[in-house]
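Below: one protein chain in two forms, given as structure tokens, structure 1 then structure 2.
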Structure 1
Amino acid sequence: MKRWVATTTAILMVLSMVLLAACGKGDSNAMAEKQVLNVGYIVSEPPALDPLKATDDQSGLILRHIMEGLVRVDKNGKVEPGMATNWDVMDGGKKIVFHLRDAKWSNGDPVTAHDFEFAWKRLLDPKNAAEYAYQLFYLKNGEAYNSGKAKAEDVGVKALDDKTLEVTLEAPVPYFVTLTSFYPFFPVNKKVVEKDPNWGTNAKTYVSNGPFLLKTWVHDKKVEIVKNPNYWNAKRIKLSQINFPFVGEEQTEYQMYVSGSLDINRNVPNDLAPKLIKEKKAKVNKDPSMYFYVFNTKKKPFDNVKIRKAFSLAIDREAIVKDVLGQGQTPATGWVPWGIPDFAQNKEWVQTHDPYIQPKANPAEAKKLLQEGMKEAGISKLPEITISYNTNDGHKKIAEAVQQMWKQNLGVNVKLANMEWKVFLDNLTQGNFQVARYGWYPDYIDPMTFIDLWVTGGGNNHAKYSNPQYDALIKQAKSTDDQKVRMEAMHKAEEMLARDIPVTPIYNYTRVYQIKDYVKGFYQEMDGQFNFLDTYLTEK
């Protein structure tokens, strides 16, 4: 009998120790055996995985994992070597020579400087009609070649030998090296592309040089990528496979995430987001993008600066962010959003100046300015005001809030007009609006991607704003690679925008996403893009 008790006790003790050990293991960062990540991010078929044709976020996410440009950007926004080990900036920033490492394409060919030269010229070739050709207009004669005014040989990119790439720019661009981490600058295998122009349309013929390889691409269904054992830094990569099923519905994706068939969910439904954030079931990241209202400065009554200012002051941004949005957004304090650095002071741009805009409305000042403005414009009664926006529930809610604020703070009756997206854009381009919502996200991480929007005649200058002093400041900033001079000029330009108000910024965007606890080493790049290079899974 005693022996039986002793045996049982012993067994129980051993069992509990094993159990304890197992629990302990779960808490630690022990890697799971199966390193397969399921990502809910891609909403629909990525339009293209050939760097020549890709122009969107979703293709970009896959591309930056299966391909690699000259450099990469780490989680702090710093440049780290990619295909290039080092580079020399010369000639006041107008010439850059990149030195390439020994690396291989997935078919075994070496990655050479010729592949880069070929890829970049291919993008600029007018015959190829690449939408993102303009991303390479920094290159000497890039724009000229794309518009048929120069030859391919004149373009400022040249392979001096297999391992050396010489790049000549039109003007100094201090962020050019960082730019080469962007997918239009990715290389393609010259031999493969020359033989088969459709190489990039399916997984079988796809040849890449990145940390992962394209394993499966079933149209309208999924993309699967697997670790590239021949990647130069293969030891960095811990995931063996990443699956991207295309889930077109936010609610569906959310339910798949809850059920465990997805480890990350990028498309959190708007109506659930505030609750999930509060319950710590969703995370919020800064998105360096701006939501704003743009005034038509060529149309009455917003051709008067005081009236524009009055309407801007009458908006309670704090209320919009808190009561309407509730996803961690912050009221805008200037034209450049959060998340964009000031490279001269090494701080976030928004922290380097006093706010130009207050979070709360200022009805008294707004009313006074409206009266003054109307007097200046010689009108006793305001014409009917209409806010235009593209059909979307979020835009509608904000427009309704602003409508109410303008009514309450200025006593103005405002109408709302919603339009289908492309009809809306058409009206904006043609100047058929008084005040309209818009958003802007960065092409590259530098204040310039926001600041130069309002130059006279600019393609996206829907306000039709024109100020020679402002234009001169932009020109000055673009002529040098001296960060101090650039940043100073851009700060002055932003101040000018705050005074002239062609546009009234409303809030800084956020990205809400969900991620399971067992997913480690995940980060978002400065532009908000997901990066899985250091990601691994621990035991669930």
Structure 2
Amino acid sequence: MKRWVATTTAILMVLSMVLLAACGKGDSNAMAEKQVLNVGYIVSEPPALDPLKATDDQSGLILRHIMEGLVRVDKNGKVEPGMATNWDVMDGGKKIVFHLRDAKWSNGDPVTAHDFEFAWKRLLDPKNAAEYAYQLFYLKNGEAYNSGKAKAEDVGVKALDDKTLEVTLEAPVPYFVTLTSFYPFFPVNKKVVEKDPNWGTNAKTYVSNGPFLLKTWVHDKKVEIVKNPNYWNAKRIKLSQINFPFVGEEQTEYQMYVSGSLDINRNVPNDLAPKLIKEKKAKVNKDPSMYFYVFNTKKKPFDNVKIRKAFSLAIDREAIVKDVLGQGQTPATGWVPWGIPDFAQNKEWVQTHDPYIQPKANPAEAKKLLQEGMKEAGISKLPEITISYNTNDGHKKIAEAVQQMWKQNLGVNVKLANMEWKVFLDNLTQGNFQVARYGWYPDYIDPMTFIDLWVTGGGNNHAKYSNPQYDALIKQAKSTDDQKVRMEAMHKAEEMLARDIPVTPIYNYTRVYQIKDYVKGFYQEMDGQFNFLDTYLTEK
């Protein structure tokens, strides 16, 4: 396991994916008396702060700061201790024993191995229908329990005592220890959850174990978190408070940054971004993330693969990144984005295969496939097509561009439907859409985090895609720690996605943001997420 972590770090450094430790250029190094950071990042109400239910990056940003799992991952992708001080890998990687430190919940209770066992089994409990349950299918009998074919006591996680957690896996997983830094693996206070199932819905009842505490949660308005004086590594934390106002409009957030109401602005308006980047008033980093459109493969007309492919071929991705975005994004060439390594070839994944997707549209082939698909489907006229997206200026502009491309290249009239983030996610989960925009940040640095999204019944498989051959390839890749076997299986799976088109990738993400010079010690983690654990403010 340690060898894998070291290799990961080396590869990612070679790939120049060290995402800036974004120290500003402030002249003063004197610590500011007031250590309160104002962050523009969250555009609307976070859907959930209970690790059982959270599935989006905005909830995840807050969770990463108020909760802590067994380990953390530093800015170079290296695993560092969290609630666990150390761990022993045994039985060829199939068994891992974590040793926990003395730590407390915010209500004063000790954090124990029993809390982890309870939280993980809670996520797998079929009654809870957790979208991220599949992340725990690595545990012995994890999937069997989730599908009702095994009992909770059969699952491969067990608290041997208050400080020792034994984990048994179905097969060795090279990245499992790293995966425990991800928020679905966070513990919850067993006594609190059993007493109040709605404990995670407001600040007064919220109980956490991380470097910050949830001070304020004014729904649809803001979240405020404050330093946790009882955090085991409290001396590391220099900020006394972080404020996250919910700002839905990019222009409003930009003006708040300019006026000094925000110290960091993550949602830079598309039309201003190129100029701000050129003037060095905004920073831009590659994100190992993908922006794509999801087809609902269970609804007409997108239950037909030729029609899906026609709509995909009718998108001019080069025009979108150049004319609509202009922030250094690149057209997607496959289903795994840039910045993700192929561990067998020691190269960036996107460099190990020919492009599955061309940057320019192919109207002639698109029209031909559309006609063939409609004939197969027995329809002479398409139903009204609607693109769904969550309210955001950038998503709107992309949707408008795609709407125009589909009209021009396919002769199809398309409606646009925007909605608030939580409503949008609920509609995706319920299958109430035809085509929807989506984005995916890696849960861990491995192509699997993008590839296993589309297994049959996967919690985030909003396309409802199902292909037994695809599922078999993912199962093969997860059955071994032989990187050559794993990577080959995932490449074959990606080829299958290129044929079946349940989703159509649009572009590789960049992260454009603004940060004041007096904000020090801020960095993005390897997966692109913001980290404020080492952040502090100097005098302005």
Partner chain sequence: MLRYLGQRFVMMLISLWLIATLTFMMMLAVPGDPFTGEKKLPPETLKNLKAAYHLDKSYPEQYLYYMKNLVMMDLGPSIKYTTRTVNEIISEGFPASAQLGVQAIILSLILGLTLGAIAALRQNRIPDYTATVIAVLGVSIPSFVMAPILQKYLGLEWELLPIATWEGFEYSIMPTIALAVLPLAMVTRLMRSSMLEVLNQDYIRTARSKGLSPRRVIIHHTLRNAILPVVTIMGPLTAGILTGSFVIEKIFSIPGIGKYFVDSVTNRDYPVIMGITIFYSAFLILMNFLVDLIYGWIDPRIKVGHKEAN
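Here the rigid core means the biggest group of C-alpha atoms that line up within 1.5 Å when the two forms are laid on top of each other. As the structure is a prediction and not an experimental result, all values here were calculated from the model. Residue positions are counted from 1 along structure 1's sequence.
Structures 1 and 2, same chain in two forms; the form predicted in complex with its partner chain is found in structure 1. For W232, the Cα coordinates differ by under 2 angstroms between structure 1 and structure 2 after the core has been superposed. In the core-superposed comparison between structure 1 and structure 2, M487 has its Cα shifted by at least 2 Å. Rigid-body analysis between structure 1 and structure 2: the smaller part rotates 34° against the larger, C-alpha superposition.
The two forms line up on their rigid core, and N427 then has its Cα shifted by 15.5 Å between structure 1 and structure 2.
Its Cα shifted by 6.0 Å, Y291 is compared between structure 1 and structure 2 on a rigid core fit. Superposing the two forms on their core, we find that the Cα atom of G339 is displaced by 2.8 Å between structure 1 and structure 2.
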